[in-house]
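This document starts with one chain, in the form predicted on its own, laid out as structure tokens.
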């Protein structure tokens, strides 16, 4: 079976995580991704953890790519990049706004040599607005987007999420936009410019809270690991860790109480319905803890699942490596890197029945590893 993006060529002018996350996915599905690096290399090559002098961070998000080393700040290098762009379907970049215009590699310059190019730009704040030229970091974006205001315990300071939402989600958003642009090109024959802002992407995830504000004029306060509208819906202590339990109807609440031998809670007026449980949430959390604390997390989750109630064990990355569900869906992929040796890679969450994904087709390259090969293939000196 052919990969769905077989025959699509991507010019990757990205550094760091956001752009690399986008082009990684394109490569996983068969696109030829040509990563252009300056002689200094992608800044991610220096980001730990390191093994045998190679960055595990770089290896994870730069698989299925070819590295071509070109000093695009010179006129000769710039001309070479434009010649390459003329032979590509997609260009992805995440430079600061205006930087590629200074180098003569902006959309206008590339479109002049390739009118059908799909030119995707990922920036922190977008190409317009008062913040467009400000430096960016995922932490800053998370703070400014409203996401951090939603994260943390009641009455305590906001908390930084444990993952780089801004980078990863903007990479996925760019991927979605590219898919639509490819469809449009197949229909009309026209290329397009795609712009994705990290700030926009994170704010986009808060639609529910924007709707709440538009209706009520207030923002529901953060509530740690407990939902503010439905109860019990949160995490609770077990004998060997924590479990997440989501009860979303009165029927489910009664069923849960019966399963764990706590019928008295179903009859307790403090917990008679969802409104009462929210009003007495602190007391409910205590009672739930008494119940879940009698169980091992996997045993309780199995009981809930077998009875069509939503529950999950809180797991670490280390536990997920050997998790049967993660293994069953090919989300843990074992491979060997020529420099780093044995590695785990995260698989793709997108499964297409007739066109396979291959996250191990090409290991993350050394700097400039494919320069001569790619230039010759493109008919360049």
Partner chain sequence: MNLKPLKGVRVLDLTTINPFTDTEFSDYGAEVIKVERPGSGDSIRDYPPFKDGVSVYHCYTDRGKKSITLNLRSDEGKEILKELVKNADILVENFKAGTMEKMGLGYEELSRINPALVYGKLSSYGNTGPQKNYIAYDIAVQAQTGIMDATGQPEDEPSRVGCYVSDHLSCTYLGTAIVMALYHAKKTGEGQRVEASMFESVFSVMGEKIAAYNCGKNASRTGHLHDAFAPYDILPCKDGYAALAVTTDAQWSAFCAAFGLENRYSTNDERREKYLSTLRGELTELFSGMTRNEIDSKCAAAGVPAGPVSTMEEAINSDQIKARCMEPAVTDQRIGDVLTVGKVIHYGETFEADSFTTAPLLGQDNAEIIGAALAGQGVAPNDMQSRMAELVEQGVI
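Residue numbers count along the first chain shown, from 1. Because the structure is a prediction, the values reported are computed rather than measured.
Although it is not shown, the form predicted together with its partner chain is what the next lines describe.
None of 250, 268, 71, 195 but one reaches within 4.5 angstroms of its partner chain in the predicted complex through a heavy atom, and that residue is 195.
The partner is absent here; in the predicted complex, the one residue of 113, 139, 96, 276 having a heavy atom within 4.5 Å of its partner chain is 139.
Exactly one of the stretches 288 to 296, 80 to 88, 260 to 268, 209 to 217 approaches its partner chain in the predicted complex with heavy atoms within 4.5 Å, and it is 209 to 217. Contact between residue 153 and its partner chain in the predicted complex is found at the 4.5 Å heavy atom cutoff. Residue contact with its partner chain in the predicted complex: residue 199 places a heavy atom within 4.5 Å of it. Contact check for residue 40: no non-hydrogen atom falls within 4.5 Å of its partner chain in the predicted complex.
Put simply, residue 103 is far from its partner chain in the predicted complex: not one heavy atom of it is within 4.5 Å.
Within 4.5 angstroms of its partner chain in the predicted complex, the stretch 175 to 198 places a non-hydrogen atom from each of 175, 176, 177, 179, 180, 181, 182, 183, 184, 186, 187, 192, 193, 194, 195, 196, 197, taken in sequence order.
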